[in-house]
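Presented as structure tokens, the chain that follows is alone, the form predicted on its own.
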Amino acid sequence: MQDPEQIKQRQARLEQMVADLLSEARSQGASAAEAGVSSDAGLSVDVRMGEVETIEHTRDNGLGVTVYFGQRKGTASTSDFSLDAIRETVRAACKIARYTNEDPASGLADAELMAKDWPDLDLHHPWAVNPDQAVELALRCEAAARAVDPRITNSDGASFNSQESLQVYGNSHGFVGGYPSSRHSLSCAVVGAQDGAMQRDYWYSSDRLPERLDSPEAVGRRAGERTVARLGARRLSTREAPVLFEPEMAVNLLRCLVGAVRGSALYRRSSFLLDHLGQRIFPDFVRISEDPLQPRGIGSTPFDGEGVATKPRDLVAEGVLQGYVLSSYSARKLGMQTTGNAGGVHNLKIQSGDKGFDDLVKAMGTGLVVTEMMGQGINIVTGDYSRGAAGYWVENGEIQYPVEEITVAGNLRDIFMGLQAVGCDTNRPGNIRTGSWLIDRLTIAGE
């Protein structure tokens, strides 16, 4: 762990490196250029069955440059920070650009959109933890999981990770910006057995601040409890019923929305939400927003991957689609302006209701709770949705027994419009946050 003054010195060196890249690009004839440099360091530990499996110190450097000769583009990268490597990387990018076709949409983001005077988002909280301490945390986590119940007979292990990152981006508009960040996590997965059948489940905690992580014992207990709750799972006959997606599964539905309104899908005309801007795609109580400037947020950033200033906005308001997820390239392809999403969305969340998970189970009455999903049966072009699932069957507003080897299927248009409620049981801190989703009806394929 480095002190603030050392961090400032490292950032100054990376900023100078970006300046050198841009200068070299100009000297080789590029009409415009952009460059990004990153330096990451971390500690990761894996334990299993009370024994240490791996201890790994990581230190990764990365440098990438994109040059433009008019509207011809070339990109090259390296992990070597030497001056000779910088020159060779720029030379390689320029060589590529000279042989590519012109693309009217290529080029830097517009100069007037560059970020200026951004706030400190408080993203850097290093953890002065040594390998012995990290091993102890992981062992405590796994031990707590294995102690939950005698039926927990095996373990996939527990993992500890602590990562620091420093990133700098600049372009020939004169923009140069960077900041340090951190992220820490603790996770555990265990295996239970009953009547010859085995089940596995997990839990985790992740945050920028080490003190905001759940305790190792809390993470382990939750992993163990989730595993034991799945023992004795049954199959269901094929039917239609309401479905409650717990938060960790509902996140995937929000990712489907993002994928459908991403610029690359739209200009290729490969999205079921093509030309839906200004149209209702959810019930009128739904608000989905992103806040890139949230202090300490996992997805917080004052500028996107092109230096464009980020700002809070609604993606969906009163159920109506308010905007797309665009970089400058995809925006030009669509005849629009970038939304500051080069690199993805930032702290996306759906507004929660006032009901917790247990309240939503009661409100559902009879139906399926989904706690795990498998497979990639999602067609963003048509909206068709079909994925393997496991969870619990509910009757009379109470969980009756675990279920497995089923498939939930429908169309994302109907799933979005069939959203009945969003729980206040918001998932763990992450770039996309949501509570549980109660959907009015899906097909459940089983026996």
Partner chain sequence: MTDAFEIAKSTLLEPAALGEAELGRVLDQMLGQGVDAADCYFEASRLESWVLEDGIIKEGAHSIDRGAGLRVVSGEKTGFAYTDDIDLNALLEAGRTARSIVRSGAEGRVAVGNRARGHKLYAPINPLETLGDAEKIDFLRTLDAEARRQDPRVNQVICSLVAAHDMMLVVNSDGALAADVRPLVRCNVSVIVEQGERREQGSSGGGARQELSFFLDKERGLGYAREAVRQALVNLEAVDAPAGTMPVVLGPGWPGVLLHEAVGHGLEGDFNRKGTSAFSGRLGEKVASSVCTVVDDGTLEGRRGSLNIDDEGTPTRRNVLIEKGVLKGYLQDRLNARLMGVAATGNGRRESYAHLPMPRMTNTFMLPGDSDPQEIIASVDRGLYAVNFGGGQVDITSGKFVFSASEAYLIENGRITRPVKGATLIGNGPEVMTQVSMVGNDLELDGGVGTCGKDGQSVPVGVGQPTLKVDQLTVGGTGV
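On a predicted model such as this, the values are computed, not experimentally measured, just so you know. Positions refer to the first chain, counted from 1.
Although it is not shown, the form predicted together with its partner chain is what the next lines describe.
Contact with its partner chain, judged by heavy atoms within 4.5 Å in the predicted bound form, is confined among 175-183, 136-144, 254-262, 369-377 to 369-377.
Shown without its partner, this chain lists Val320, Val148, Val361, Ala92 as candidates; in the predicted bound form, only Ala92 has a non-hydrogen atom within 4.5 angstroms of its partner chain. With the partner removed from view, the residue among Thr338, Ser155, Asn347, Ser187 that has a non-hydrogen atom within 4.5 Å of its partner chain in the predicted bound form turns out to be Ser155.
Taking the partner from elsewhere, Lys333 is found to have a heavy atom lying within 4.5 Å of its partner chain in the predicted bound form. Taking the partner from elsewhere, Leu277 is found to have every heavy atom lying beyond 4.5 Å of its partner chain in the predicted bound form. In the predicted bound form, its partner chain sits within 4.5 Å of a heavy atom belonging to Arg269. In the predicted bound form, at least one heavy atom of Gly410 sits within 4.5 Å of its partner chain.
Residues Glu88, Ala92, Lys95, Ile96, Tyr99 are the ones in 82-99 with at least one heavy atom within 4.5 Å of its partner chain in the predicted bound form, listed in sequence order.
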